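The chain that follows stands alone, in the form predicted alone, written as structure tokens.
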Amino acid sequence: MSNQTLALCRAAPYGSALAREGIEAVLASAAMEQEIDLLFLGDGIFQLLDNQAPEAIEQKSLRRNLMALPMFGVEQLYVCQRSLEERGIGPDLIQIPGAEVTLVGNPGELIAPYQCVLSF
């Protein structure tokens, strides 16, 4: 795992460009054949919900970018279990076709072995 990068997705999907830019950076890294994993935590877990209506605020859906992750070889997504619980979101609502979602009880233990961690 020494050369792998972990991207922390902490930003809500809309309201700023941070979430979109983070997912685009992950897709660009994967396209360059870099090994990169994703951990969604905090308000970043809202990126994974399917029932979004970004057109109501004149935004493009981030969902398409997330659905592209498995096509770029990013098939493992980590999700902070506590973040889900704090926001009343069940794990059954987190589905990205082609990706495996793993709930993480202690994000610190997941983050520690990575040499490079990006935060969006």
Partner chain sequence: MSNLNVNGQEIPLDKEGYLRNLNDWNRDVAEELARTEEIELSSAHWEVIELLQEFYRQFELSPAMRPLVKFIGQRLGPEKGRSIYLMQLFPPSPAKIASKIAGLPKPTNCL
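Values in this document were obtained by computation on a predicted structure and should not be read as measured data. Residue numbers count along the first chain shown, from 1.
Keep in mind the form predicted together with the partner chain is missing from the figure; the text below concerns it.
27 is the sole member of 77, 94, 84, 27 with a non-hydrogen atom within 4.5 Å of the partner chain in the predicted bound form.
In the predicted bound form, none of the heavy atoms of residue 58 sits within 4.5 Å of a heavy atom of the partner chain. Of the heavy atoms in residue 53, none are within 4.5 Å of the partner chain in the predicted bound form. The partner chain in the predicted bound form comes within 4.5 Å of no heavy atom belonging to residue 46. Contact annotation: residue 89 falls outside 4.5 Å of the partner chain in the predicted bound form, judged by heavy atom distances.
Of the residues in 48-78, those that come within 4.5 Å of the partner chain in the predicted bound form through at least one heavy atom are, in sequence order, 60, 61, 64, 65, 67, 68, 70, 71, 72, 73, 75.
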